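Read on for two forms of one protein chain; each stands alone as structure tokens, with the labels structure 1 and structure 2.
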Structure 1
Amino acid sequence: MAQILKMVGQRLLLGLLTLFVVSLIIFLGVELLPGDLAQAILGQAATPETVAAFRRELKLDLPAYERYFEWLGGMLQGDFGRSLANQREISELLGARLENTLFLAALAAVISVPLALTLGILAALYRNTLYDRTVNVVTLTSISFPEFFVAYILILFLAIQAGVFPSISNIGPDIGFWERVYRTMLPALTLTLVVVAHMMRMTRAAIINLLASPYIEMARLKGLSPSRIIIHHALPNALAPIINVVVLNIAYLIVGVVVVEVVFVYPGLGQLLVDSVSKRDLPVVQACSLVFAMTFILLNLLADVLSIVTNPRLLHPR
């Protein structure tokens, strides 16, 4: 137990260091954007005095390192600042949008994870059969297309022609849970088609790799059925790489939703990021980017810890 806690502490410190570097990259990336932010917001008709006063209000007259540490200190205290577009608290904007993004990612994970594990186990069970080849071709084809292309294909067939789901995911706090699931189904299916291939192929590869182990050969010699061998003997020992790829794909479901949310006009964090870029609302852009980075780093940390905990050879190294 002490070894696990030590390992988690090391990974957590490394995650904090990574997050600090990412915050610096985000700030410098915004800082190096061409043009004057105050001039862009006020327009070309603004007088130099008005632009100078607005720059002082935004603290753009301070050195970059002072503004960075002030911004980072505010972030550590939960103060994301105010939006330049509507003067609302950024934390208030992020709250509802992050909840919507997490709901979309959770719905896609509920669909994709069991589907990928089932397809991967069956592909390992019926290796080199027509089913195995068909599943590999279909999943690789779906992952080869860009997300927006998959989204438009689903809109064409499931929303326009079949009329099963709405083409725009218009959700709000006043709608019920199942109505929210119904309106979010198309973007969730898009994300499912994008990530299921990774998890399915990793499950298949991990199980097939273990099927050549001596204890699997012994189980075959004892007369156990192939399904029992895979489910009760191979799958538990293949959990480490499977859990790793599942958690990493869940991280992608959260931070990779920008294009999907824009296509379906889904009111999530990705849509907020794109809207803020178009309005040059840089404090919101910085906050959204940092939240995405923090989520991805935490889920990578979780994947690292789970892969070690579920693998005795990593948990008790010699």
Structure 2
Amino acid sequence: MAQILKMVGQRLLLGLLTLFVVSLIIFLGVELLPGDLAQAILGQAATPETVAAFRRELKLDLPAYERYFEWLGGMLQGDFGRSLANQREISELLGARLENTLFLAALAAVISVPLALTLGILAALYRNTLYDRTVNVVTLTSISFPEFFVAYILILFLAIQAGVFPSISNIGPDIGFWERVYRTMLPALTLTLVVVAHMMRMTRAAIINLLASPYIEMARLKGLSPSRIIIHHALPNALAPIINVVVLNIAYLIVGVVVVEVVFVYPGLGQLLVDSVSKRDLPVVQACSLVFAMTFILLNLLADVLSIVTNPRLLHPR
């Protein structure tokens, strides 16, 4: 037990360190810009007075380390500063959008994780049959599709021709839960198609790896029933890689929503990020990047910790 706690503690410390370094990079990225940031954003036509005023507003006249700690301190207290484009509080912009993005990712995860695990286990059990080969080719193909291609095909068939789902996700604060699920369905299905292939292939590989190992052979020779072999012998050892790939794909879902949100005009964090990048609204881009990077790192950390905690070799040390 002490060993597990130590390993988890190490991972947590490492994760915190990574978070710190990443926040430093997101902050310093702006500093490393050759020349003057204010000049670069305002363009060549700006007068020296506007540039000076802009520098004051961004607090560029203070030394970099002071600004970094002020920025980081603000972030930790939920104060993200103001947007350059419309002077609104960034935390105000982020709140509802982050919730929408998480809702979309959660819905996609609820559909895709059970689907991928079932398909993967079936492919492992019936490997080298027609079913396995078909699934293999189909998943290889779907990995290769750009997200917007999948999205528009779904729009064409499910929204335009069949008219089952709306092609634009118009999410407001006052709609009910099921209405919200209904309107989020198409983007969630797109994301599902994008991530299922990867999860399914990894599940299949993890189980096939295990079924070939000697202790499974031993269990089979002892005459145990197939279901007992899979549940009591194979699954505990296959759990770590499977949990890992599931959590990593959920991390991908939260971060990879950017393109899908733009296609469906879904009011999420990704859309805000893309808008801010084209407006070169730096404070908003920094805030969005930090939120995305944090979510990504925390989920990676969770994957690490979960695979340590569920590892039977560590749970039952000799």
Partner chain sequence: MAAALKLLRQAPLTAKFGLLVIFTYIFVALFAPAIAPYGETEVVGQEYEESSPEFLLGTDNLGRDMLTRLVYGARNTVGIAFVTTCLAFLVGGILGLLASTLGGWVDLGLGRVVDVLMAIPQLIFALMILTIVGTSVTSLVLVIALLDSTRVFRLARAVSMNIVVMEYVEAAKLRGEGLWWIIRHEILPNIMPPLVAEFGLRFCFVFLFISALSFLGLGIQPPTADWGSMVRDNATLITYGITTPLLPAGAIALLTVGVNFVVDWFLHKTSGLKE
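C-alpha atoms forming the largest set that superposes within 1.5 Å between two forms make up the rigid core. Residues are numbered by position in structure 1's sequence, first residue being 1. Predicted model only: the values in this text are computed from it and were never measured.
- Between structures 1 and 2, only structure 1 derives from the form predicted on its own.
- Relative to the superposed rigid core, Tyr68 undergoes a CA displacement of at least 2 Å between the two structures.
- For Arg180, the Cα coordinates differ by under 2 angstroms between the two structures after the core has been superposed.
- Thr118 is not among the residues whose C-alpha shifts by 2 Å or more between the two structures once the rigid core is aligned; its shift stays under 2 Å.
- We note a C-alpha movement of 4.2 Å at Thr50 between the two structures, with the rigid core held in register.
- Superposed on the core, the two forms differ at Ala219, whose C-alpha moves 3.2 Å between the two structures.
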